[in-house]
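Next up: just one chain, as C-alpha cells, the form predicted alone.
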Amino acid sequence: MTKIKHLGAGTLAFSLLASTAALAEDLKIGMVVTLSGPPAALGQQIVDGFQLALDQKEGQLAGLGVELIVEDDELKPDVALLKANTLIEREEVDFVVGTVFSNMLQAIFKPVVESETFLISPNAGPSTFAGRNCNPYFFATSYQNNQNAEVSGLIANEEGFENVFVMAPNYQAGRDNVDGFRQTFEGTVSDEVFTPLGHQDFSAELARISTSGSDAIFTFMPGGMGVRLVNQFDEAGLSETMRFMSVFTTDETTLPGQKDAAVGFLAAGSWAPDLPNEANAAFVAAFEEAYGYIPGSYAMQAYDTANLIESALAATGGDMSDKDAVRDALRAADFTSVRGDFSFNNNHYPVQDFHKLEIVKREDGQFHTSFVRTVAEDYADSFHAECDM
C-alpha cells in the first residue's frame, strides 16, 4: 500500500493566527489495480500515470492535498472485493480508481456505487455497465471494451481481410472484444476460440490457426498472455503467412517481451505515444523522464483520470458533500485529455477518436505503438442508448 500526503495551499497564513496549524482537508483516493503476477506491468502503468499527474501538481488536486492509497487486487475477485470494502468502510475514500481487468471491476462495482462513492475506471470498460446497468456513480476514462474491437473490424475491412481467426480469453473483456469485432467485420470469421484467462501455451491454438485458411488473426490477449502468444506465433512461422491485428496484445506493456516479433503488427486504439498533439508530447516526455520507459494507454488513461478529478474539484470548490454537483462536474470533463477530443456519453463512457496503430521500433531500440491514421471520429459505444441516465 502506498500513502502520500501533502498539505493544501493557503494553510501557512492561517497557521500564523493559531497555535495549531490548520491543514487543508485531505482528499482520499483509493486505487485498486493488479500488481501481482504477469499482468503487474499493466497495474504499475496506471499507478505511475496517476502519480505523474500528482507530482506535476505538487501532490495536490485543485488545491487539496491528496492521500493516494494503492491496493493490489492480485487478479482475484474476492481479494478485489475485500480491498474495495476496506477503502470504502475503513479509509472512507472520496473516489475509487480501478480496475485493470473487467472481472475485477465487476467484483467491486456494487459495493462501491451503493456506498455512493464515485468509481472511475482507468482501464476496464465492460459492456455490463454501459447499457441498462449504467450507474450515476460510475465513470470510465478509457473506452467501452467493444469499441477498440469494432474499430479493428473496420481496419480489417479496409485491409481487405476476408477470413479472420478470432481468439480471446474467456472473461467479460474477451467476450466483449469478440462481439465488437464481429459487429463491424464484413468478412468471414474462420474460427473463434476462447482460452482460459492467464493462458500461456498456445501450441494447440496455433495449430488450429495454421490450418484455418485465414489471412489474418484478430486477438485480445493483454499482459503476459500477449507476450507468449506473439512469440509463439512468430516461432511457428505464422508471421510469414498471415497478418496479426489485436487489441492490447501488442502494446507498451508487452512489447519489451515481444520486441522484433511484433514489428509491423496492427492494432486499434484511442491513443499512441506519438499521437500528434502538444499535450501528448509533453506527457510522454515527462513520463519517460520520470519512470524510464515508454507509457502505454494504461498510464495515459490514469493520467487523464487524475486531471478529470481535478477538474471536478475545481468546479465544485473542493466540496465533496454535494454528490450531484460533483457528478455534473465529472460529466463535463473540463480538462485537456492527452488523447485529444474527449467527452462523456450519457452512460459515462467516453466519446473519442479511434486510430489505426502499427508496432514500430524506435531509433533507440525501444518499441511502441505508432499512430497511422484516424479511423473513427467522436466514436460512441454501442450500448449507451440502453442507459436511462
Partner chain sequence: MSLTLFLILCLNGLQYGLLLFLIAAGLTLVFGVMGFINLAHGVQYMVGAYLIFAFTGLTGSFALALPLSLLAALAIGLLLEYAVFRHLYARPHLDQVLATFGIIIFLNELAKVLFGPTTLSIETPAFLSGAIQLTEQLRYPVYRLATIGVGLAVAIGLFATISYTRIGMLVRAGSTTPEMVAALGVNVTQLFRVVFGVGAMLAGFAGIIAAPIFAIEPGMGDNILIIAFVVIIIGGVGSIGGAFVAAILVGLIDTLGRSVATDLMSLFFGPSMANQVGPALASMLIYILMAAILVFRPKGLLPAKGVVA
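Definition used throughout: the rigid core is the maximal C-alpha set that superposes within 1.5 Å between two forms. Positions refer to the first chain, counted from 1. Remember, it's a predicted structure, so these values are computed and weren't measured experimentally.
We do not show the form predicted together with the partner chain, though everything after this point is about it.
- [ ] Tell me whether Ala41, Gln232 and Glu240, taken together, all sit within 4.5 Å of the partner chain in the model of the complex, counting heavy atoms only.
- [x] Yes: each residue has a heavy atom within 4.5 Å of the partner.
- [ ] Mark Gly224 yes when one of its heavy atoms lies within 4.5 Å of a heavy atom of the partner chain in the model of the complex, and no otherwise.
- [x] Taking the distances in the model of the complex, the answer for Gly224 is yes, it comes within 4.5 Å of the partner chain.
Open item on the list: Please determine whether Gly153 contacts the partner chain in the model of the complex, using a 4.5 Å cut-off between heavy atoms.
Closed with: Although the partner chain is absent here, Gly153 would stay clear of it in the model of the complex, with no heavy atoms inside 4.5 Å.
Open item on the list: in the model of the complex, does Ala236 come within 4.5 Å of the partner chain, counting heavy atoms only?
Closed with: Heavy-atom contact with the partner chain at 4.5 Å: present for Ala236.
Open item on the list: Would you classify Leu206 as touching the partner chain in the model of the complex, given a 4.5 Å non-hydrogen atom cut-off?
Closed with: Yes.
Open item on the list: Looking at 157-165, 284-292, 127-135, 256-264, which stretch has residues with any non-hydrogen atom within 4.5 Å of the partner chain in the model of the complex?
Closed with: This holds for exactly one stretch, 256-264.
- [ ] Taking 4.5 Å between heavy atoms as the contact cutoff, choose which of Asn346, Gln56, Ser36, Ser343 touches the partner chain in the model of the complex.
- [x] None of the others qualify; the residue that does is Ser36.
Task: The unique member of Asn277, Thr188, Gln183, Gln200 whose heavy atoms fall within 4.5 Å of the partner chain in the model of the complex - done: Going through each option in turn, the one that passes is Gln200.
Open item on the list: Where, within 166-184, is there a heavy atom within 4.5 Å of the partner chain in the model of the complex? Residue list please.
Closed with: Heavy-atom contacts to the partner chain in the model of the complex: Asn170, Arg175.
Open item on the list: For Pro169, does the CA position differ by 2 Å or more between this form and the one not shown when the superposition is done on the rigid core?
Closed with: Shift of 2 Å or more: yes.
Task: C-alpha of Tyr143 off by 2 Å or more between this form and the one not shown on rigid core - done: Shift of 2 Å or more: no.
- [ ] Verify the C-alpha shift of Ser210 between this form and the one not shown: is it 2 Å or more after superposing the core?
- [x] The answer is yes, as the C-alpha of Ser210 shifts between this form and the one not shown by 2 Å or more after core alignment.
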